[in-house]
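In structure tokens, one chain follows: the form predicted alone.
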């Protein structure tokens, strides 16, 4: 559309409608594909587990590591900008560290203080506090 990143002030109504339509359709495709594809994928994974338990564990673990690697690649992709004088690349790393720290603290509260009810909220609490920490971290490192 000929826009530069962050130039929201020059956005026309047609451009806004195009952007929101593309994003909405893209998000909805994911929602529609889960019921259609997930059952077949789950069936294949169950069949693999029935045939060979060891290979199924290797497959599941490699899928998990691949998913985590994709997220970590995004988080650490701009860290090298620190060598150019910009600390903005550290923001995702610090947010991840805060989320991990919160997750560890919640895990300790569940284990040591016997707050079993808190285990259901560990992921949402760590995500929300991690996102909330992005505001002061961005103001600090921005």
Partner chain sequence: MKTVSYIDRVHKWGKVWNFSMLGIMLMYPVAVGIIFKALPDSKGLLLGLVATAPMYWAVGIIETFTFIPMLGAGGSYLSFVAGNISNLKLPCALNALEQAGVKANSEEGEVVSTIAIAVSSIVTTLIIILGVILITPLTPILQAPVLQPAFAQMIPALFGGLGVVFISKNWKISIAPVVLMLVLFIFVPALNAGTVGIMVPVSVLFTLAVSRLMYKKGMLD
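Under this definition, the rigid core comprises the largest set of C-alpha atoms superposing within 1.5 Å between the forms. Numbering follows the first chain given and starts at 1. Note that the structure is predicted; figures quoted are calculated from it, not measured.
Keep in mind the form predicted in complex with the partner chain is missing from the figure; the text below concerns it.
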Are any of the heavy atoms in residue 10 no more than 4.5 Å from a heavy atom of the partner chain in the predicted bound form?
no
Check whether residue 60 has any heavy atom within 4.5 Å of a heavy atom of the partner chain in the predicted bound form, and answer yes or no.
yes
Decide whether residue 87 counts as a contact residue for the partner chain in the predicted bound form under a heavy atom distance cut-off of 4.5 Å.
no
May I ask you to state whether residue 69 is within 4.5 Å of the partner chain in the predicted bound form, using heavy atom distances?
yes
At a 4.5 angstroms cut-off on non-hydrogen atoms, which residues of 33-71 are near the partner chain in the predicted bound form? List them in order.
33, 34, 35, 36, 37, 38, 39, 41, 42, 45, 49, 52, 54, 55, 56, 57, 58, 59, 60, 61, 62, 63, 64, 65, 66, 67, 68, 69, 70, 71
With both forms fit on the core, has residue 50 moved 2 Å or more by CA between the shown form and the other one?
yes
Could you check, with the core superposed, whether the Cα atom of residue 24 shifts 2 Å or more between the shown form and the other one?
yes
Please check if residue 119 moves between the shown form and the other one, taking a CA shift of 2 Å or more relative to the superposed core as movement.
no
